[in-house]
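In the structure tokens that follow, the same protein chain appears in two forms, which are kept apart as structure 1 and structure 2.
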Structure 1
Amino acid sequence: MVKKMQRRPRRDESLSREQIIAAAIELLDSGGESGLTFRNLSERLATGPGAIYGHVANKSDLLEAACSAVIGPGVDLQAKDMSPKAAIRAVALTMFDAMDAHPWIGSALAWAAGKSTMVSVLERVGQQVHALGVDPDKHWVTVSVLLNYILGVGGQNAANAQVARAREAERAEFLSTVADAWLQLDPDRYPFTRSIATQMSVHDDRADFLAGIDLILAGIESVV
């Protein structure tokens, strides 16, 4: 996080890419994906919209840079002396926590996958998959499952944040509205959905995410 010194009516130093990215992250955090605008951003940086293009190719480049600034440092942390499973859990949780704190990552990452941020995650998860003793022929598939699951959760998290921005109270209200709607469904056609409505409304995103990782890990181990 960058210290704000906003009283300056005019910049005395020239723009830097890092400044732009830091300001973009602040806008995304406070206003969601639609909060980031070249006009908003240039206003916060006390410059014109055109100036930004000197340091950033376009909006998707900016989003990608914001993602790797937020995710990169956490993922690159060394986690020594961990079992492969524990290390995979740790990387996954780092991703989850970053996507939970910054819901815009969930939607931005989908458009930036295959880029540097995801390669770091791929490498770290992959090394542990290797350590787990998975058949090398299945390395790609195994890593894909884990990454697709993580990105899927992030995307859903982003969508939910869109619907119910704000904190705990609204989240509970949102979930119980959905649960009520499920309970109104036709019992003949939607028996399962009705049966898990209350379970869904009290679920813990983080715990369920980890349970999902463990389920996938159990599947991986059963083939090793």
Structure 2
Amino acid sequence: MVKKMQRRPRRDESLSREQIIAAAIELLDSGGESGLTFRNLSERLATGPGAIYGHVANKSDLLEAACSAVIGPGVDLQAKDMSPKAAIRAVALTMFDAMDAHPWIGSALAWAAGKSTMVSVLERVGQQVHALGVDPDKHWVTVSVLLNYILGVGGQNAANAQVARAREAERAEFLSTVADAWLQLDPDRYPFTRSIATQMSVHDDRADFLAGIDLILAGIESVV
């Protein structure tokens, strides 16, 4: 006798957009963008694809909604009680922490320049650049530098963390190994690398990220 395939019980209650987005974030966190499919989402929510399509148009729409749910509240902060520099730092750290916790955000935002979440980030940073007194002719390049740094460094930090977890490597042990390798380099050919080996072994990624933002802001102030 042929055994019947067991099906997961369908949910009785109706789905909300928020439930769908929350489940999508869980799938993204566990499997990255490739793990987010409507089939996987349907299984996670114990429903059919039709119920999901009633709330989101496609995967791109779902990714945008997930990004917005994760970083939107922090990016859309009220900056009226902050200085422009403090507001830029706050947005930058919100993005850094979000990408650290959810590594898929960096690549998702990189392909979503015209979407509302990325436009919100652009607007928030852009308003503060304007408030710093940057010449309007330099708005584009200044904001581009800041956003490229935020997405690039934040994304690379998240990628490094993923690699370390995949290798089951402890951060301190990994950095110590790299530092030891640097110290063994030819002192005549690599004097600078050897000189910062001990600093590299104990550095804090988040603090270094913010120091980079401060360097950019100092450069902006020097030409205003």
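Just so we're on the same page, rigid core means the largest C-alpha set that superposes within 1.5 Å between forms. For clarity, every value in this text was computed on a predicted model and none was experimentally measured. Counting starts at 1 with the first residue of structure 1 and goes up one by one along its sequence.
- In this pair, the copy labelled structure 1 belongs to the form predicted together with a further copy of the same chain.
- Superposition of the core reveals a Cα shift of 2 Å or more for residue 22 between structure 1 and structure 2.
- Relative to the superposed rigid core, the position of the CA of residue 185 differs between structure 1 and structure 2 by less than 2 Å.
- Core-aligned CA deviation for residue 196 between structure 1 and structure 2: less than 2 Å.
- The Cα position of residue 61 changes by 7.0 Å between structure 1 and structure 2 once both are aligned on the rigid core.
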